[in-house]
Structures are given as C-alpha cells and as structure tokens.
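Just the one chain here, the form predicted on its own, laid out as structure tokens.
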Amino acid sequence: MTHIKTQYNRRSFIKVSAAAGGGMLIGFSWLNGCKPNTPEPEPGVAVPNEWFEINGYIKIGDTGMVTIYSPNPEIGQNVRTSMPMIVAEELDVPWENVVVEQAPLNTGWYQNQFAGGSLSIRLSWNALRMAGATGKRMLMEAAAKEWGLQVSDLTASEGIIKETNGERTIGYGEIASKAVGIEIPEEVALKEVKDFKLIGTSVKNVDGSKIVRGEPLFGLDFHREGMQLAMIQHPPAFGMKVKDFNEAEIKSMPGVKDAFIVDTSIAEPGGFDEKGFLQLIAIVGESTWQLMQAKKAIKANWEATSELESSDTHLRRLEKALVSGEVQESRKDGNPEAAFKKAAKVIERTYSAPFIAHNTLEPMNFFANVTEDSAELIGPTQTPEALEGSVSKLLGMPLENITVNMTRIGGGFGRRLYVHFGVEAAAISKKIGSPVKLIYSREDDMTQGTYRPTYRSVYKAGLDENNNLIAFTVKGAGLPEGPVFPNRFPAGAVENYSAEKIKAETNVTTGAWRAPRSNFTAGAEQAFLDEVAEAAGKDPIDFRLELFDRAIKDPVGEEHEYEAERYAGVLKLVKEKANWGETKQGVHRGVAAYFCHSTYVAEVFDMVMENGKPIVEKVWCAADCGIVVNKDSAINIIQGGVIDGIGHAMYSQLTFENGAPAQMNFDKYQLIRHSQAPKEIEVFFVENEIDPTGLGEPGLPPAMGALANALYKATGQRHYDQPFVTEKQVIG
C-alpha cells in the first residue's frame, strides 16, 4: 500500500476547522493544475444548511455532501469531471455526493494556478488523492473514538463507516463535525490501483447538460448591469503603430459613448504579455453591432516602426538560419559526417509549416471594473496569475487590490495563455471610469498574432549496404524558436546522430499553439521515417521497432527523454488493434508515433480516394498516458486532437504581405469541416499503474505524420510542406 505525507515542501496541505453547518473542512495546497466538477446533487442527497467556504479545500457537509473548490481554468479538457473523481475515489464517497466549484485566483493558497502544458491531472494527482485519503482517515478516527474502537476495526465505503465485527454504521456527514478535533496524521495510506472503483470508468461531463441548455458559463455570457461594451482596432500590420484617427467622427456615431487611443505598455513585460500591438484604438458603446459599424468608419494614420515583413521574407530568413543561424540547443552522437560518406544510400528532405492562428470558438473577451483603489476582472483566461500581475503593473496597483475570477473557456489551445485582452479591458475600464466588457471580432483575433511559429527543418538519413540506419541528422529553424527536440527519438537509437534547434528573428508575435513545436516536428519526422523505411525496403512499423530495440538494449550517447519500451508499446498495440499488414481493396494506410507531454501515442490512418479526393475513413489510436482517470473524456480528447491535427495539416495557413496577414476570417483561412473529419476514431489505452501524464495535446502531433504517410500511399506523392491541400497533386 502506498503512503503519502500530508505535508508538502514547507506548505501544509491539510487544515481542518469547524464548518458552520457542523461539517469538516479539509484545506490543502494544490500542486499545479487542478480543475473543477459540479454535478447536480441527486434528489436523495440533501444540501447542507450552511457551507463554510475557503479557498483550496475539500468541504464535507453535515449531510455527507462533498465540495471541492478547484483553482484552475476549465478549457474543455473535462477536468471539471476528472478532478473530483480522484478525490471521491480516495475519500470513498458516492460520486453523486460530490460537487466542485470554480475558485477565484488566490496566489496565497494555490501554486501555478493555470491551464496549459497538459499538466492538470499530472501535477495534481497526489494532492487530490492525499486530500481524499486524509479526509477518510480522519472521519474513521472520529468514528473509532466515538465507538471506543481502533481505526483498524472499521471500514469505510460509499460515504458510510462500518464496524468490522459489529452492526454499527455511521454516515460521513453524521461524524464530520467530530472529526474536526482529530489530529492530522503525518501520512495517509492511498488505495492500490487495483482497488479503484471510480477512476478508470466513464463519467459524463458534468457541465454537458448546462452547455446544451445554453446556460451562461462562458466569458462571453457574462453580464453585469451598467457595464459598457468595447471593441478595439489594432494596427493593420506587424511593424506599425497608430498615430491618430478621426476621433470626433467616431464619437458622433449612433450608440458610441467614447473613442480614444489606449496604451497597454507595461514595465518589464512577462512571457504572456503582448509585445506587438501596444497602442490601440478603443471604442466604447451600447452594442456590438454599433461598435462594429464604428470600427468600419475608422480613418487612422498608422506609422511604421520596423520592417513590414512578407512571407517571402520569412522563407529567406528560415533558409539563412539553417545555414548560419543561432543554435539554441543541440546534440551530437558519433560522427554523422563520416557515416554519411560511407553510406550506401542517403536520403535528405526539407519540411515546412506556415504560421497558423488558434481560432478559438469563443471570441476573445474579458470584463473589467477598475476603480480608484481596486480592479475586478472576470473572463476566460488560462493564466489568471499572469493577468493579475500584468494588470498590477499597468495600473500601478497592489496585487492584493486585484481580483481575477475565471469563467469556463470556449477553446484555449494556448491562445488564452496570453493576457493582453484582459489587460486591454482593464485599461479601457480605467479610462472610462466604469465597468466594461471587451469583445474581439474574428478579424481582430486572427490578425493580432500569438500565432504558431513558421518552421523549416532539414532531415537527413544514411543507410548501409544492409539497409541499416547508420546516420541521422536534423536541423530545424523557426520564427522565432526552432522546432527540434535534440534529445527525443531517434536520439539514443542511432549510432551517428545530430540535432540542432535554430532561431531566427521576426516581429510577428508568436506563442504556444496546441503541442508547441511537437505539432510540426512529429509530422515532419514521422513522414521522413516512412520514406527512409521505404528506401530500406522495410515495413514502417517494423523499421521503427528496430530502432526502439536498439534504444532499449544498447542506447547511444547521453540519456534521452523517452522510455523506449513504452514508445514501442504503443506501436505494437496500434499494430495489433488495426490489424496492420492486412490489405483491403482501395484502403491506404499510414502510421506515426510520437512522444510529448510525457505521453506516447501511435496512430494508424485508413484512407480511401473518392472522386479524386482523399477521405480518412478510420483512425486507430493507441496511447500510454499512465492511469486513465475518466475513460470517456480521455477518448474524447484524443479524438479531438486527431481531428485538429488533420485539419491544420491539410488546410490552414497564414501568409503575409507587407506585415499584414492575408487571411483575416474563415472565407480565406480554412478549418476542417465536419465532412472532412474521419468517419471513425477508435482509441485504446495501455493499461499500467504509472501516474497519469499529459493528454490534452499528445493526440495531435502524430496525426499530422500518419496523415502525410497515408496520403503518400493513396496518391503516390510525398508531402513536405503544410498545408497539404495547396499542393496540386493532392487536390487533383
């Protein structure tokens, strides 16, 4: 049985006090990424008379109902369901008795209160289990004391404590108040994985019915009596700023209350602050329609502050960087140059990907109410603490005078890691002296930046006379950050290996986009490996497994990031489930596998051609993400990643002319349509007892590689540049 300390570092996880309704409060410091869950209580479970609320705790009411206050944002990964499942499992309380509510930002209670990096379950796993197990232990000690027994004489399950050798029983709610005085144990026992009852099952999204009914959960739904609406206009091109505009004319338009230039510059900006457009035209008024009409009437004078870059400029910079750019990170094993000279076959290919936007379904928005001595912010953000800090700098206001409350987020994918829209709302509210909700149009968002960087990588492989891989190199450049991970596969699997991550400069603002860097590198690497396997006359999966076998038995060089056994394991599982090697008339198959966010995913695509167009009929996915908490949500998030990967690899791109994006809305920027999504996606998980790892992002990267490889089998053409649909051989 696993035991866990109830103290973590120098912060106490457990804090017990009396609840107003006679219940027990178990407060704890969350590790890094918890999220909430709020099921409606069943008719048979009474709501306690009073809830005594503090931040960061489990609350047990006198009826046996349990509430968890979750500090981190919900961005659609269904952690509002999965998080409380973990607590309920260790607490041994019926699922229908658990309620979870969103906590506000509170840096005094929580550490790393954010949503990103596929870290939510991974970094809160032990904290949640500990909290549930500690609550159960203290309840049992209270019951033992009440009955004059030892804890070992009792069992607890489904919210009921029972006497092992007797008939007495008592509910958690009945004994909760008496557990308050129990001394907190130094450590508690956690369940064995084999004894889990709730974890690993499928539990429906607790917000699902609310979303279907259109209940106000999202930032765009938020309304407060007396608030104004605002929209902004930023410069039309990167490398420009606003000089002046027809302010008087705009102010005179119907429904417009005010119009002005707002400056959101702050001292010492952080990693999530805006670096492109700091001076904006803001328009405040009564309705979005009137504000949009006013935006159309703006006549602004813009002035250039730096080079107005075009797509051909970006390409030249990437090509130059690959020859003589600044190397950010590198690795070298053996002597690749000498190995290439001896190789019987050398394959060298170049891959590229464009800038792409996040395009979240919910438009960017935020509410702010700034007064002389306080600031209140409410809306969809992945980084509430960063927002709080930036607003503090902007306003020159102490952190303790600023509150940030989080709504459910209608799509994040990294876009809402960046806090400028909240900062802009605060600046506008301060200027007009009243509460305001800022709303972006789709064009505002798509042209503002924080794009997925554009990349270019060169891969090279050498085979000996027996078709063994003896050399492998990759050099990858990006604007601004290179896409290469030098210590990932095939590092450790090839005798002569080198990798270089190279940066290049741009004034186009970029940021994290779902599975940063991996989203490009997986596709390029896996497409290249397929081409090398073909040159070697080997099956694509067998070729990869040979490399993993080398990394398992006799790894090369310094330690690599991945576990070769687990990496190979997902390939073997998807090979088995997809009946790889089986030929079907008219069905063309592609495979890819990738490791990122501590998780391994392999995918097989079945593709057919209909009227000259490629159609993905079925996708088989195998994932090793450790223990799966909620099978339904885990399957859904892998499926979503696959569709997202296909859509962006096939169709999406941003191009630039004189600093301005050519694609400003969905008339020119294509996303995947329902008819273009796979008809079926089947997901399988490797069963083990490893603590949960990331799942929000790892399903996307291998989809791009498997898609490219299936397209080759279907069309006879290799694809080196995303998006694939612009290549004439694909669309016919």
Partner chain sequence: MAKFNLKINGKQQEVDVDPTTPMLWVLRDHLKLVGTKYGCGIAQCGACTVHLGDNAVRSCQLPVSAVGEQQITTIEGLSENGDHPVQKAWMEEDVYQCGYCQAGQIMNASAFLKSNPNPTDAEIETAMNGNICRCGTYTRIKKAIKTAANSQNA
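Just so it is clear, the model here is predicted, and its values are computed rather than measured. Positions refer to the first chain, counted from 1.
The form predicted in complex with its partner chain exists for this protein as well; it is not shown, and the discussion that follows is about that form.
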Would you check, heavy atoms only and a 4.5 Å threshold, whether H223 touches its partner chain in the predicted complex?
yes
Counting only non-hydrogen atoms and a 4.5 angstroms cut-off, does D667 reach its partner chain in the predicted complex?
yes
Even though its partner chain is not shown here, does P480 get within 4.5 Å of it in the predicted complex, heavy atoms only?
no
May I ask you to check whether I672 falls inside a 4.5 Å heavy atom distance of its partner chain in the predicted complex?
yes
Can you check 436-444, 397-405, 489-497, 115-123 and let me know which stretch has heavy atoms within 4.5 Å of its partner chain in the predicted complex?
436-444
Can we say P216, Q290 and I409 each have a non-hydrogen atom within 4.5 Å of its partner chain in the predicted complex?
yes
Just to confirm, with a 4.5 Å cut-off on non-hydrogen atoms, which of I175, A237, L229, I470 contacts its partner chain in the predicted complex?
L229
As a check of understanding, the residue in G581, G586, G166, G208 with any heavy atom within 4.5 Å of its partner chain in the predicted complex should be identified as G208
Since the partner is left out here, which residues of 618-656 would have a heavy atom within 4.5 Å of its partner chain in the predicted complex?
D632, I635, N636, I637, Q639, G640, I643, D644, H648
